[in-house]
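What follows is a single chain, given as C-alpha cells, in the form predicted alone.
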C-alpha cells in the first residue's frame, strides 16, 4: 500500500527523494527527466503562455510528506521560495496522522459571474423583472457552452442585488455557474457577456462590467483535524495554540499574519498545479473580511480530552483542466503526483494543506518560537549569499546556527576561516 509517511525523507539526497516520488506516483522515465530539468518549461511554450517572453523563472519544487486526507495518502508538490514551509507542513501532517489525519469536504464548483447595470429608474421593479425571466437568462448563458452543460455543469441559478455606490444605485446580477473541473473564468466571463444585452433590454439600464468574481463564496472547502495533545508537545502547547488563534480572532493585525501562514501552504500547491494563486489570495482575504472585519480563516479549540481540534473554511476556485494546468508540463506532472481526479478533490487537498501549515506556524509560536526552525533553514540561503558552494553551504549554516548569529557578515567570516584552514 502506498504511504506518504516516509521517515527521514528530508535527509535523503534529491535523487533519492525523486526515486520515492516516482515510485509513489508511478512516473515514467520521461517525467522523471522533466523534474530534473531546470524549470521544465521550454521558451516556445512559455512564449505562448504570456507576452514578451525573454526566459523562464525558476522556483524550488518540494514534496511535503505524511499527508493523510480523507483516509488517502498524498504526496504534496509545493512551489515556494520561503524556507521551512515544506518541512513545517510535513511535520504538522505527521502530527495530524496521529488523530486520524485531515478530513476535508467541498461544495459544488459554482462560480459567480457579475453583470453590472446602471441608470435604472425603478430599480426594485427591474430586480423583479430580471428574476421573472431567470429561465430565459440561464438558457442564453448555457447556449454558450454546451460541452460544459453536457458534463453536468453550466449556469444553474441567478441572484439579483441592489447596491448603493458612490455613483448611485446599481443592479448587480449574479450568474451562478457550475464550472465542473475548471477554474471557470473563461466560461463564466463568456456567459456573463452573452446575457448582458438581454438584461439591459429587460431593465432599461446600461450594462458596464460583465466579469467573474474572485470572491468564490459558493465554492467553499472545509477541513478538520483532531490532533492529540501529546502529538504536539503536551497540554500547554495545545493551550498556547488556542490562545494564538484567539489573538487572531480579536485582532486583524494578527489575523493577517495568521492567514498568511495558511496561504503559505495553499499558494505553494496552487502554483505547483498551474492554478491562479492571485485569484485564490483575493478570494481568501475577501472571505476573511466578509463579516465587516478581517478574521482568521481557521479556528482552533480544545475538546473534552484536551486534544486540539482545528477547522478551516475558505473559498478555493481551482481547476485541473484548461489554462496553465494543461499548458505547463510541470503543472501536469504535479497533478499526477497528487493523483487527484477532480477539481473538488484538489480543493479538498489544498484546504487540508492550509490547515496543516497553520498548525505548524501556531505550534512554533506557542512552543519554541517561529525563528528557531525558520532561521536554521534560512542560514543556508545566507551561506549561499556569502559565496559558499557544495559542502561549504551546510558547514557555514551549521556554524552560524551554533553561534546563534545568522547574518551575511558572519557567514562571510566563517567561510573565510573554513577556506583558510583548508
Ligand code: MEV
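Positions refer to the first chain, counted from 1. Quick caveat, the model's predicted, so the values are computed rather than measured.
The next section is about a form of this same protein that is not shown, the form predicted in complex with the ligand.
Not displayed here, the ligand is approached by residue 365 to within 4.5 Å at the level of heavy atoms in the predicted complex. Using a 4.5 Å cutoff between non-hydrogen atoms, residue 219 does not count as a contact of the ligand in the predicted complex. Although the partner is absent from this view, residue 361 contacts the ligand in the predicted complex, with a non-hydrogen atom inside 4.5 angstroms. For the chain shown alone, residue 301 is not a contact residue for the ligand in the predicted complex, no non-hydrogen atom being within 4.5 angstroms. Residues within 4.5 angstroms of the ligand in the predicted complex, judged by any non-hydrogen atom, belong to 261 to 269 and to none of the other stretches in 132 to 140, 261 to 269, 145 to 153, 318 to 326. Here the marked residues 91, 94 and 307 all miss the ligand in the predicted complex; none has a heavy atom within 4.5 angstroms. Contact with the ligand in the predicted complex, defined as a heavy atom within 4.5 Å, holds for exactly one of 285, 224, 229, 254, namely 254. In terms of contact with the ligand in the predicted complex, the residue from 236, 82, 124, 193 that brings a heavy atom within 4.5 Å is 82.
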